[in-house]
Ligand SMILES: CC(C)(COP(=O)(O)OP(=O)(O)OC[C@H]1O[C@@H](n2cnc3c(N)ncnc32)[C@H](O)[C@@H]1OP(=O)(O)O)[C@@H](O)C(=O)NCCC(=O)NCCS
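Here we start with a single chain on its own, the form predicted alone, put down as structure tokens.
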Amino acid sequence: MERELAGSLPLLQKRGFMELERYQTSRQKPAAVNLAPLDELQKQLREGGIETVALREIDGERTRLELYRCNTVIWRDMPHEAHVEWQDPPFDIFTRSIFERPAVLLDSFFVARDGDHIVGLSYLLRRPDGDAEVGDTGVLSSHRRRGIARVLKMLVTRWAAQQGIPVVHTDNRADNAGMLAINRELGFQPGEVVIVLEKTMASPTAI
């Protein structure tokens, strides 16, 4: 945590640890969020050729292939350390991680479509304490800056409020200004900053 770093950083640096990234945690009370603009925002997207819909309503083999294609592109596009080489999970493993994972709240899963192609998604995960957390939210780079992520997160927020989920938790890279701004608009209150450190271990000497 950021508040604990000042005292421990000199020791960590002395031992070879380097900061990799920072994540901003935040919490939202879905029932308190003003979602009045949602219908109009969805209408504007439709007029621009973008449909936002619950995944359950369009589920099928083609949809799952599209979801896989979209999600893996979004993952590859996320900022990551230069020395980390991303590898897409096999389709069957990805599908099980979404549709068979007990924590995934499938009814909270919404996607954006441009024609037959999925271009954005957002959904929640169940927490043991009765709260929920954002499983993922992302939009293809070709479709950003059109308000798609905002509408998807509003749909998820409305669903959470309707289900009586008291709090939704999320964390985002501290340098993801766009998503942090959307979170603030949707009532997410900043919490702790989580700092990820790394130390490269020396290779063992060959005998």
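One-based numbering along the sequence shown. Here the structure is a predicted model, which is why all the values come from computation and not from measurement.
A second form of this protein, the form predicted together with the named molecule, is not displayed here; the remarks below concern that form.
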Would you confirm whether the three residues Ser108, Ala161 and Val167 all fall within 4.5 Å of the named molecule in the model of the complex, going by non-hydrogen atoms?
no
Look up in the model of the complex whether Glu185 has a non-hydrogen atom within 4.5 angstroms of the named molecule, and give yes or no. yes
Answer for Arg146 alone: is it within 4.5 Å of the named molecule in the model of the complex, judged on heavy atom distances? yes
Self-check item: Contact flag, Ala103 vs the named molecule in the model of the complex, heavy atom cut 4.5 Å
Solution: no
(request) Please check if Ile74 has a heavy atom lying within 4.5 Å of any heavy atom of the named molecule in the model of the complex. (result) yes
TL;DR on 46 to 54, 28 to 36, 136 to 144, 60 to 68: the one with heavy atoms within 4.5 Å of the named molecule in the model of the complex is 136 to 144
